[in-house]
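In structure tokens, one chain follows: the form predicted on its own.
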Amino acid sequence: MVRKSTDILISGGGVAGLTAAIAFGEAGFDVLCVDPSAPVTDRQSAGADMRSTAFLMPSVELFQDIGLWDRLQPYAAALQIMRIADAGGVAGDARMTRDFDAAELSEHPFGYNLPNWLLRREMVAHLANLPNVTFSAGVSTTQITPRETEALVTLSDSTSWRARLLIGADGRDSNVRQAAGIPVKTTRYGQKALAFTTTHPIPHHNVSTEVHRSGGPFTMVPLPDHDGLPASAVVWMEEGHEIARLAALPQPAFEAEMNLRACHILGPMTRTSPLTIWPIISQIATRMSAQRIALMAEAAHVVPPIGAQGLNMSLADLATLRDLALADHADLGSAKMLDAYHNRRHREVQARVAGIDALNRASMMGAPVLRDLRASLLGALYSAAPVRKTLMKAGLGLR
């Protein structure tokens, strides 16, 4: 069997995998990135990912380093204020709001929000300009044999490869992770999330708002204007049976419930996209590396969509891997490099997964006394300036 060779083979062509392909390609490595599905890069096409991703400043800085930000910035909406609203009282009413303003600490916003389908479009276009990177859509990894000096990988197109480093960025059910024999700990909440986009008459003024009542947060994240109207991406988390009921409603009835849940903060919102539904879990791999294998993104960790942590954790994985690879090109994929990667990332990932788990459980509280306790804790955290500034520093990536 004739095997082709590459420095890095990335299994998974989602936003995290495509970013990794660009980062390592720009660093001078030969890269092959594969994904079983072709990316949907048009908003109107079936299967378009209507979710959006809020990139905090450390992720934006990574995009700047790898030459991608100039391409993304024209489509990005700034996240200047993170607003938390507690709607534990009368339905449709936010009884308490607290604003965390990035200007209190920095001249930069917390980050920027971009639609996922557009991210894929711009990343695929950028990859076309990198001659040392190949992106093969419709191709998956079928067999993996790690060895001391390389990983042997067979793909679904019957080609065989030698890679100094195999990166598993292939999602929460990662084939690469399973092939490496790395177990995961999974927590299920009985929740699902609806993601969609909206327009509304009241400008968002670059404020991202999480409305907490019960079942999970209802989050409105700024987008650039759509058809001349202010626009936001929405992630609505509820128990699974409630999500099924909401998704089955005719659009007028859905919008009536949506506006009630949004506490009318942005005025009467109109849904402008199909619904995307996905289950909410927390998941963490016991290790983030194995022989010649690094796990990143949802192959290594999954969190509920709270506080813009998910993909930002993924890009922190990538930044660490990239720094280690650049420190010594000859050491790419070695046991020393991959042990260092696991040691630098795993403890922080564990802490963030635990923190988001706690926040999600708090957001699900249904009993009035527990919702009152949640509101009291929010008020106390906001009132304590050192605590408030510590939370905002985490969002800005400051120390």
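Source: prediction; values computed, not measured. Numbers for residues come from their place in the sequence shown, where the first is 1.
Note that the form predicted together with a small molecule isn't included here; everything after this is about it.
Visitor: How about residue 165: is it within 4.5 Å of the small molecule in the model of the complex, going by heavy atoms?
Guide: It does not: once the small molecule is placed as it appears in the model of the complex, residue 165 has no heavy atom within 4.5 Å of it.
Visitor: Using a 4.5 Å heavy atom cut-off, state whether residue 16 contacts the small molecule in the model of the complex.
Guide: It does: once the small molecule is placed as it appears in the model of the complex, residue 16 has a heavy atom within 4.5 Å of it.
Visitor: Examine residue 308 and determine whether its closest non-hydrogen atom to the small molecule in the model of the complex is within 4.5 angstroms.
Guide: Flag for residue 308 set to yes.
Visitor: Do residue 53 and the small molecule come within 4.5 Å of each other in the model of the complex, heavy atoms counted?
Guide: Result yes; residue 53 sits at the interface with the small molecule in the model of the complex.
Visitor: Please name which of the stretches 101-109, 286-294, 136-144, 266-274 has residues with heavy atoms lying within 4.5 Å of the small molecule in the model of the complex.
Guide: Of the stretches listed, the one contacting the partner is 136-144.
Visitor: Which one of 198, 80, 191, 175 is close to the small molecule in the model of the complex, taking close to mean a heavy atom within 4.5 Å?
Guide: In short, 175.
Visitor: Looking at 209, 259, 116, 320 here, can you tell me which has any non-hydrogen atom within 4.5 angstroms of the small molecule in the model of the complex?
Guide: Only one listed residue qualifies here, and that residue is 116.
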